[in-house]
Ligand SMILES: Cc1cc2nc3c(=O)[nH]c(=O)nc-3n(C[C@H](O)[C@H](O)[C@H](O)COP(=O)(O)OP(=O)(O)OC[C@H]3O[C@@H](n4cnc5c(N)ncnc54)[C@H](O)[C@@H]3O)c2cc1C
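Presented below, as structure tokens, is a lone chain in the form predicted on its own.
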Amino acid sequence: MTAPVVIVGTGLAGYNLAREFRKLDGDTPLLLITADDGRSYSKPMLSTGFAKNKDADGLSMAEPGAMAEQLKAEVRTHTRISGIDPGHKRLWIGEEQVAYRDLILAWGAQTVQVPVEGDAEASIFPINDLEDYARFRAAAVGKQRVLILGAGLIGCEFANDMSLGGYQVDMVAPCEQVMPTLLHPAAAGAVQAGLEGLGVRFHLGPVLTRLQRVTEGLEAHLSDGTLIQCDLVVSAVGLRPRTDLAAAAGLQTNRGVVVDRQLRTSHANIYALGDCAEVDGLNLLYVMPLMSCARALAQTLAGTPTAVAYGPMPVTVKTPACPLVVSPPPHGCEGKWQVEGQGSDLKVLCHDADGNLLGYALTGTAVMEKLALNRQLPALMA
């Protein structure tokens, strides 16, 4: 019997790779293994659910049984692999061994957790998948006051979404501006002003040191002495690629599982894509690179070795209070920023010494210029 192609993970990376592979190969056995319930959903939609009044079932697009049928695959849910044996092309699920023809790691990234003193740590919710969202959604019923830890892209999206959903939102982060690793300060100021217009209160600089239960919910103690009364806490302080099992199996890891342009790891017949993968030095936690990787890797698995290429990869941030599209300059490129526009409608451009566009941040009505600007951007990985 032919050993299957095994994909570990059924998020956007795993399911999209399986779809692309099935377009090219309808016969090779295909097995998907996931630690969660295996429902198909779009992870970016997790930060739009409250404004749309959608629970986890409303965000789910297909049950695992329907996905198995669609993909002519076996989907094993609530299953964690415990080890990988590259030398014998097999993986372990407890005592059970599963052979593979090719193994693809698409198990994503895990949330960074910050230690907090107090008796209410169970009221801090990371939201990294559909099951996390379901738990948080259930806990939020009848509540009003939400504290968000982290002012990055995800934190800002949740602040916008929960404000539109009728919640009172406070945001705490140890930085001077929102999305500090992604945005020029002018664009960050426009986004912050948009969210403040919805009623979001920002506490930028301090960190949460203690969270304790009080009669009326929770009391959050910040490092600058501020006290915030809240009912729930969302942790959006960042993601860390999952690398532990890969490293234990002897695969090369850095920030993510290290792969080349064909998404091959340091071991034959093992590949990685999505949030867990570091592709030629780049670990991009966004949908566009993931889709490019899925199409290229499907070709490779189907017998046509194909290197992935990244064109411009702008990121659309779901903050309707201040629409935002950002395309950071390629890593290592030096340029000069200029700010055009006023109020919430800003065009922030980065050019090199020769006047070539390297990156941009567009806010408000300026986002309408993204298509024209995208044509001027350099490829991230040609």
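A residue's number is simply how far along the shown sequence it sits, counting from 1. Keep in mind the model is a prediction, meaning the values are calculated, not measured.
The following text describes the form predicted together with the named molecule, which does not appear among the structures shown.
> On the criterion of a non-hydrogen atom at 4.5 angstroms or closer, are 12, 127 and 274 all touching the named molecule in the predicted bound form?
Every listed residue reaches the named molecule in the predicted bound form, so yes.
> Could you spot which one of 182, 282, 204, 285 gets a heavy atom to within 4.5 Å of the named molecule in the predicted bound form?
It is 285.
> Just give me the single entry in 345, 352, 36, 63 that has a non-hydrogen atom within 4.5 angstroms of the named molecule in the predicted bound form.
If I apply the 4.5 Å criterion carefully, the residue I get is 36.
> When the named molecule is placed as it is in the predicted bound form, which of 153-161, 227-235, 246-254, 95-103 ends up with heavy atoms within 4.5 Å of it?
Of the stretches listed, the one contacting the partner is 153-161.
> Determine whether any heavy atom of residue 308 comes within 4.5 Å of a heavy atom of the named molecule in the predicted bound form, and answer yes or no.
Flag for residue 308 set to no.
> Quick check on residue 47: any heavy atom within 4.5 Å of the named molecule in the predicted bound form?
Yes, contact at 4.5 Å.
> In the predicted bound form, does residue 213 have a heavy atom within 4.5 Å of the named molecule?
Residue 213: no, not in contact with the named molecule in the predicted bound form.
> How about residue 81: is it within 4.5 Å of the named molecule in the predicted bound form, going by heavy atoms?
Yes - in the predicted bound form, heavy atoms of residue 81 and the named molecule come within 4.5 Å of each other.
> With the named molecule taken in the predicted bound form, which residues across 93-119 come within 4.5 angstroms through any non-hydrogen atom?
Heavy-atom contacts to the named molecule in the predicted bound form: 106, 107, 108, 109.
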